[in-house]
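The chain below stands alone, shown as structure tokens; this is the form predicted alone.
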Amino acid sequence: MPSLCRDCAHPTDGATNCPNCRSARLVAHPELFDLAIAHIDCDAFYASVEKRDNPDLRDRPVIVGHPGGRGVVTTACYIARRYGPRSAMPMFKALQLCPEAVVIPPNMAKYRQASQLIRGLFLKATPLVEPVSLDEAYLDLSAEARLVDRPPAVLLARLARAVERDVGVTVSVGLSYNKFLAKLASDRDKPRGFSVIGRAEATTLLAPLPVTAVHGIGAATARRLAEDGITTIGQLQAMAEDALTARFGKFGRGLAHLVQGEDRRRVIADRPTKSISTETTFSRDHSAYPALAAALQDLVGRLEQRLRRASLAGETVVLKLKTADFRSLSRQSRLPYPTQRGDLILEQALRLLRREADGRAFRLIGIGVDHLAPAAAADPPDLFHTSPP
């Protein structure tokens, strides 16, 4: 079965320990390298940031929140959670359950700074990052979206490691084929988790879960369903779409799809895209122009798909190269108009490549466009003589 080391991101197959680093922290799943939608959730984020900044707190129960009679728990670390404190619990009750807890008032500026660092790491993998809050986000790592030519599962293992190394907090990863299941997966294995839900098992896995596991079903809806004896997703799966629509209106129609593991919501980035690019790292260094040009042609095809999917066009073509000794080069060429056309991008990219392909060995090549514009502004028809003179 395909598997992956969560510590060094080394793909393997059927091993008990990673053949690269000997770690036993492997994730295995038949669809591991076929899924591309992820949900990443920081583990007890506010408390983790406080422990990062004060190592003396590492092994102590920590609660972040305002102390006092009307204060509530914002975050409880995993040590504190063993005793019962949870987010949104009244502080007095949390301290009754865990009187040894260290209570720290929230420092939102510090948490926002950590969140920005984490998001910056995510954006190195894909521009399609949809934050849900400071401590969680969806990522689209499909072939058309991701910026690095590696399987999404490998990128996610690397991202988790990078967040832990560079920011000092841990995350849990959920990987699936849609947002609903990716979020469900990230909640299954915390902290420092990596859970996968594939297409083949989705409906079976969902069936025994409580109805509150479905996106959009809150306490009030759950009570209404319980009054009719419906408490599990499997019971909802057995109901016809018409019956759910009659009961819940538009939400019922969406619910009928969700309980079957279907979610059509796309990952929507929360900020304007400034550039779109794609790259690949060679398994061995290349120095010959024909090999470099062939790789570039494949990348341009992917770049054109991404531009059309995003309804964007680029006016500046950017070639990226990394030498065998890890020096990065960037060369660019400005077009007279924004374009989505792969042939025009490739023409400029090959011209830039010819200047650099002087016998040096390269380990990476990438192509992108910036100075983005809406697709409607792309490729004026009169410039290509598509209309009669």
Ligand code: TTP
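Position 1 is the first residue in the sequence shown; the rest follow in order. Here the structure is a predicted model, which means the values were calculated and not measured.
Unshown form predicted in complex with ligand TTP; subsequent notes refer to it.
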Residue-level question: is D140 within 4.5 Å of ligand TTP in the predicted bound form, judged on heavy atoms? no
Contact with ligand TTP in the predicted bound form for D135, defined as at least one heavy atom pair within 4.5 Å: yes or no? yes
Check whether R253 has any heavy atom within 4.5 Å of a heavy atom of ligand TTP in the predicted bound form, and answer yes or no. no
So, D41 and ligand TTP: in the predicted bound form, are they within 4.5 Å at any heavy atom pair? yes
Should the three residues F122, T126 and R158 be counted as contacting ligand TTP in the predicted bound form, with contact defined as a heavy atom within 4.5 Å for each? no
Counting any heavy atom within 4.5 Å as contact, can you tell me which stretch out of 311 to 319, 202 to 210, 76 to 84, 143 to 151 lines ligand TTP in the predicted bound form? 76 to 84
Could you work out which of K93, K190, K110, R247 is the residue within 4.5 angstroms of ligand TTP in the predicted bound form, going by heavy atoms? K190
